[in-house]
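What follows is a single chain, given as structure tokens, in the form predicted on its own.
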Amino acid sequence: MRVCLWFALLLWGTGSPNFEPARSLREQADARGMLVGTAVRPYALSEMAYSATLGREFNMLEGEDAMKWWVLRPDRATFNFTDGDRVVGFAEVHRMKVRGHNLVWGWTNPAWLTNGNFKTQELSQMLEEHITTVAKHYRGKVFAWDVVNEGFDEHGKVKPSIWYDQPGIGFAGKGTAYIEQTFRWAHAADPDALLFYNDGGAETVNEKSNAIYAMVKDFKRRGVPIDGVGLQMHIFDLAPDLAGIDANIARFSALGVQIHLTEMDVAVPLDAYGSPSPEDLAKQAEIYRRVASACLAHSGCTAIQTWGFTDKYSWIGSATKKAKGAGLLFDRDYHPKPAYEGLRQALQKQ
């Protein structure tokens, strides 16, 4: 209660008639020409506190799962756009931009696809059809697509997948050629959309980010239609390599592509009652502030997005067997946490 009272005073002042309430994240981002966004769950949009916080605090959103294969394609012949359309509809009403996530991923594909024993030519035709149908359906509504998600392993090698080499769409053993083809298909379907490669574990300078950097540099040199790189920014260590994150954003920006921080959360340890310590929440807030500041320091970094915004709907607890959690800007009751103020401070700094 004392923490909530302190934060309320911080945000809303002491009642002085000359005091102006602190601006929301959205207002701060709009003032700087930035995008601040979050991933959403369509079913939660019917929850009043969820939708009110979402519309007030963010100027961009994407569906967590709403535009993935397993949701869009219940079977080979059917496209079900219900969840994706609901996300887009909310964004239109609240004047928000929409990121599309994602067109191609080697994981969480529907069973009919992964167990279908399709041949290379069939997979190629199917993937082109999927990219074309989905991108055209959302043309003019989705401003940026994560075309390929998580295509490299931690050592910078192209990951085995149904699209690459199991059996692949015709480019097995040819490195990033299959990724290039998917970008060309996406551009043909929606020439106005910004096209991103998105990955996790590549936020700092390492083997994976080196491989992505080499691919983007090659694509830009040869005119492959790539516009940006998404750095997921799932942080599970309260002492991340902040200097490396800054250097990585800088070098991608120098290639002339945009950088979006696409899935940020900062997990903290939880006690036996499922609660984080005040000290760890302070460290979390500082990480949000410094990562956002690193983005804002480079003109190519144009969007900061979190993977959800309330701890009520976060994947971290299930992923860590409840050892960690509380990774987002608002607690389970939609109260802003110190992390919220950390991000807001970064956005307001001139």
Ligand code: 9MR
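So that there is no doubt, residue numbering starts at 1 and follows the sequence shown. Note that this is a predicted model, so its numbers are computed, not measured.
Just so it is clear, the following notes concern the form predicted together with the ligand, a form of the same protein that is not shown.
- Within 4.5 Å of the ligand in the model of the complex, a heavy atom is found for none of Asp30, Phe90 and Phe309.
- Contact between Lys68 and the ligand in the model of the complex is found at the 4.5 Å heavy atom cutoff.
- Interface residue remark: Asn248 is not counted as part of the site for the ligand in the model of the complex, having no heavy atom within 4.5 Å.
- Using a 4.5 Å cutoff between non-hydrogen atoms, His234 counts as a contact of the ligand in the model of the complex.
- Contact check for His101: a non-hydrogen atom falls within 4.5 Å of the ligand in the model of the complex.
- Between 57-65, 298-306, 44-52, 321-329, the stretch whose residues reach within 4.5 angstroms of the ligand in the model of the complex through a non-hydrogen atom is 57-65.
- Counting a residue when any of its non-hydrogen atoms is within 4.5 Å of the ligand in the model of the complex, the hits in 81-108 run His101, Trp105, Trp107, Thr108.
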